[in-house]
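Take a look at the structure tokens below, where one protein chain is shown in two forms, each on its own, as structure 1 and structure 2.
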Structure 1
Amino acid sequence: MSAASKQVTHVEVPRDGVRIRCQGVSKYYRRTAVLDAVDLEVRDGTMLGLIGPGAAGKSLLVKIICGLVAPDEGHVFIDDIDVTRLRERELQALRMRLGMVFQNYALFDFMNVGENIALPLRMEGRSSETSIRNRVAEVLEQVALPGIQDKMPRELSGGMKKRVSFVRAVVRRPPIVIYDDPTGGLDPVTSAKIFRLLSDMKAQGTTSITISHDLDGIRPLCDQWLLIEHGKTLFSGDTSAIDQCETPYVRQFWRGEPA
């Protein structure tokens, strides 16, 4: 690992406690702003709820935060490291500090479930094979999928793939996790299990951003909220502030009121 990559991987929590910061992040497609000067801050050990209607730009924003997409304007900092200035090898090192749950599962079709989940642990290179097998079995138990290590992704339902993707993201207990709709397509009982895991991760000190359309499920978990619509910030603040917000669209979206 290069010196720059080591610097990216081994970072202390910033003095101001802000682990994720976006400053004026914009992205354009065909001269249309799909993200328009978005700012956010996520402090150590807290969860930010990233909410808004479909196609608002939420998934694009978290891809930019993870360094998977480059912004056209603005900067993203993770632990005071400017993600937008990193080379690919440095980005790969930075992503070792992140867990990412994607909407499209992002499972490798040529690996079985156990291999998919174990991959981050093997890439990290700190655990024995026995420890890895035990950890994989543990996280599958937590999402009510015991004993499916040998199944291939094509043998799984959409809901099962979602849960496998989730546990792969958290199997290393990373300090920062990005959840993109972790309960989308899941039944209420399984969704409740996922929300309990989110709560457990937060209790362990994890810093996270969660995209979800299930406001009832994430309300008890999130400390801060960012509501975007058509790529623009309509609200940024804590739960008390959004509870009291009288901006018509924000109030309607937050309270589930009819238009």
Structure 2
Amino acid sequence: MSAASKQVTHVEVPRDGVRIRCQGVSKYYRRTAVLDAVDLEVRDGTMLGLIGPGAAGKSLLVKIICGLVAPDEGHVFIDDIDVTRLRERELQALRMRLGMVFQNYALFDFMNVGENIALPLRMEGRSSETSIRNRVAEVLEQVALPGIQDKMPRELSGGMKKRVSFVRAVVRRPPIVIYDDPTGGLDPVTSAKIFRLLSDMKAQGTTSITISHDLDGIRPLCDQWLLIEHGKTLFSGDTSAIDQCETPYVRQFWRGEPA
């Protein structure tokens, strides 16, 4: 076992409290930068709001953080471990402490809801079938979807899929969770339910990054903000700083004013 793989199985919050750190992350497609030297830091137990217009590179950035896409330049550290240097095997071990809710649900379409949620527990191989079944029932109840284990993903509405996807990502109780547009396309009532879930997760000490266009929804949740456009950082700082930021575009985006 290499030093890195020993490190990834042993979870320890770094001394400076920064659990996710990006340094100069860049990514190019056909020689145009879709991410341009992005820096960010997320401290233990806090939530970073990742905002920006469509095609800004938000989804791509969180995929790079999870090690799904390799950046062309820069580094990503999860608990001080450099994700960009890990091999797939070591990444797998590191991902035990990560959860990701995908923008487009990414539910396994050949499995029913119960199997989707149970899969991460089954693959972990630590719990009995009975306790897995109980846990699946319990988490479905927590998101107000009791008893839908036997439904197939295609039978669900968008809001239900988002919640199932949320539950699948957090069922192993990972300390770090990334939410890519958790309320996109949902009605206000369902959105409110989901923001309540995010708030509960944060109260339990989860460290997270949330991508959302629903600024009113995430404003009370996030401690830090990163606003990007065309892969470039337009703002990075805490809530009071973005409140006072005088850059016209940032003001417009933050307050939802027309240009």
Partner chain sequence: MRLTSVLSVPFAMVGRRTLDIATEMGGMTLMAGAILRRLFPPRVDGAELMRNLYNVGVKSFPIILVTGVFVGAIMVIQAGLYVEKYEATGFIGWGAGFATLREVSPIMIALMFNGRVGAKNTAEIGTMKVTEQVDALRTLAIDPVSYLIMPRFIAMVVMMTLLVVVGDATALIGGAFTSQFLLGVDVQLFFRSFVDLIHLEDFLLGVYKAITFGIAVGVVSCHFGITVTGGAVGVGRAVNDSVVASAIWIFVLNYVVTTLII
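Since the model is a prediction, treat every value here as computed from it, not as a measurement. Rigid core: the largest C-alpha set superposing within 1.5 Å between the two forms. Numbering for residues begins at 1 and runs along the sequence of structure 1.
Please state whether structure 1 or structure 2 is the form predicted in complex with its partner chain. Structure 2, not 1.
Compare the position of the CA of residue 112 between structures 1 and 2 after a rigid core fit and state whether the shift reaches 2 Å. No; residue 112 is a residue whose C-alpha shifts by less than 2 Å between structures 1 and 2 when the cores are overlaid.
Determine whether the C-alpha of residue 124 shifts by 2 Å or more between structures 1 and 2 once the rigid core is superposed. Shift of 2 Å or more: yes.
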